Every structure is written in structure tokens, then in C-alpha cells.
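Encoded as C-alpha cells, the following chain is the form predicted on its own, with no partner shown.
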């Protein structure tokens, strides 16, 4: 058991809280109540995972930022003490460079940084605006209700990332179906593994084509690194797979969940709908990213050297889990944190992480959300939920949180 510099540590493993913790059904936008209780009373405490391991759970914003920026904390899943998310049969593997440490992490990350630079992303804004407008036109052209997830939230990031990578959009349904299986918490190991192999095989074939006939797309850029001998074909495929999954599954869930949150907060929705100020829309996106949480299994790391954090000594070889959803509700950083307030300056949130492993694609995600939230409610000012909130099915069964469907009408 780790030494402590302050505060008690439970003596019996039976007294440790289990993680992840159940969400409160009556308020699906809020973190589990147990997390808030821990943040107030025991912000750094041990929890028990499915395999009996006992990593530290970190709930304070300042402690999480300190750990995420500390080179003594490893993202490598092979590091001793790393808290795994799934059973050994679940097929949890490395998603390319995000589960590596520097210098290899930095070397691989630099290969795909350029397309996500802010200037490059801003150049895509007109194309994203057209995608959003065309999808809204399609919804308005048919009688409601419609499923906003299927008709709007999923196609937007799928179209964008397919265009960026150079993947034919005709194959987007193939990717959506398989990536849903890959991130589904209750998928069998066989289902998850098969879905991953299907997508990886497809991408490997496309990369092979780009090796022979390069184009002006991200896959060709990755293939060029193979030609230069910087990575092999397998590493190129893993990199492309990571970008594809991260590029559409997370943003799609944020579009739908954010819309539902706004519909449940009509005063805030009115502010967004009535504003023509791009800076206000950008600020609203930051607040929605703070208020909501689509990754609810925590950022997981292993400690490689003893670290004092929050008045306690965490030993080398112990795991830490940073529950970002509760860090974004820390009242010491965000006053009245459980209230959605689009006028709040929420730019310090940790929705995209912090430090060297923070999300590579955050400029693209921000731009897509700005276009969506700045357009949808103006184009359809009477948008409303077409069912009771209690009938909305939330993705408590997935690694990435959101809604399975969102029936809306106008």
C-alpha cells in the first residue's frame, strides 16, 4: 500500500469504491454523485477495478493538471501498474502514439500534426459549413420527427474525417458500424477484435494504394512516411485507425449530447440561437465541452517515479486514473460548476486533456462544433425533443458517452 503524507487510506480492499461508478439516471449530464463526494472528501483515493487492481483516483482539477504534465507519469499501457480498461480477453491494445511516451510519442505525433494546425483547419470551415447546411436541408425536406444522431450528428464528422484522410465517403457506413462495435463496452472480445481487424485491413489496403499513387490527403502523407522509412506499414495503419476513430466517434456524440443539453436549458439555447458573435459561439463550445463528458472511464496513467500529489505519496509502479468529468466540475476552478452557463469563460477545461498527450485533433473538433452549434438552432429555431427525456437511451454501455438516438421535431 502506498505511503501517505496526509489523510487516511482504507485498510481493507473491501472498503474501496469500485470504478467506474454508476451515473445518476435523473440527471444524465452530471458525473456520478460518488465522484463529487470523493472530490469534496477524498480527492485522491484508491479505487478497485474489475481485475482487483487498486489505482489512485484523482478528482481535483489542479491535481489532474499536475499529473498530466509530469514526465514521471506514463501513458504506456505496458508500464507497471497501468490501469487497464477491459479484461485480458477484451483486446485492449495500443491506439498508436497516444499510448506511448516520449520520445517515440513525439516522433510519431509530429508526422500527423500539420493537417490539424489551426490555419489548416480554418481553411476547412466553408466546407464544413456546407456539409452542415446540406444535412439541415435534408432534414427540413422530410416530415419529422427525425433521429438527429443518424441524420445529422454522425454524418458531419464522418464526412469531414473521410475527406481529410482521403477515405471514400461511400464507405462511411462500414466505418460507423465497425467503430461502434470497437468502442461498445459490452461487445464481446471476438466482436471487438473482428471489427478492429476489418477497419485496419481496409485502411492498410488504402495506404498501399497511396504508396503507389499519392494524393493530396492525410493517408498519402502517412504513406509518405512509410516510403521514407520512418514507420512501417503496420504503424501507418495504426495511425490512420486512431485518427479515423478519434475523428468522428467523439465529435458525433458531442453534437447530439450538446443539443440535448441545450434543449434542456432553453435560456442558454436562446442565447446561442440569438447571437451572431463568433466569439460567443466559440465560448459556448468551450462551456459545453466543460459541462458534458463523453469519455467517462478516465485518463489512465502509470507512475514511473515516486510523486507527491495532493498531500500523498504515490509510489512508482502504481496506477492513476484522472476522472476528467469531475475535474471540469471543480468549484475551485469553475464557480457553480453544475450549471450550464454559456457566458462563462471555460477555456481552462480538461476535456481535451493536458500536457504532451492532449488531443491532437482539438482544433478540428472545436471548429466542427462551432459550425454546428452556430447554425442548427438558427436554421431550425423551433427544434425540440420528440420524446420524453426519460425515453432517451444514453450510452452507459459504451466507452464513449452520448445518446443512441435523439428524436427531434420542429
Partner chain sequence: MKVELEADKCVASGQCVLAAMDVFDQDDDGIAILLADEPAVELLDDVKEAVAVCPAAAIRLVEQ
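What you see is a predicted model, and the numbers here were worked out from it, not measured in a lab. Positions refer to the first chain, counted from 1.
Separately, the form predicted in complex with its partner chain exists; it is not shown, and the next lines address it.
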Worksheet item: Though its partner chain is not shown, can you say which of 315, 300, 109, 180 has a heavy atom within 4.5 Å of it in the predicted bound form?
Response: 109
Worksheet item: Here the chain is shown alone; which of 375, 53, 45, 362 has a heavy atom within 4.5 Å of its partner chain in the predicted bound form?
Response: 362
Worksheet item: Just one of 345-353, 375-383, 45-53, 29-37 has heavy atoms within 4.5 Å of its partner chain in the predicted bound form; which?
Response: 345-353
Worksheet item: Using heavy atoms and a 4.5 Å limit, would one call residue 118 a contact residue for its partner chain in the predicted bound form?
Response: yes
Fill in: Any non-hydrogen atom of residue 123 within 4.5 angstroms of its partner chain in the predicted bound form
no
Worksheet entry | Contact flag, residue 205 vs its partner chain in the predicted bound form, heavy atom cut 4.5 Å | no
Practice prompt. May I ask you to check whether residue 188 falls inside a 4.5 Å heavy atom distance of its partner chain in the predicted bound form?
Written response: no
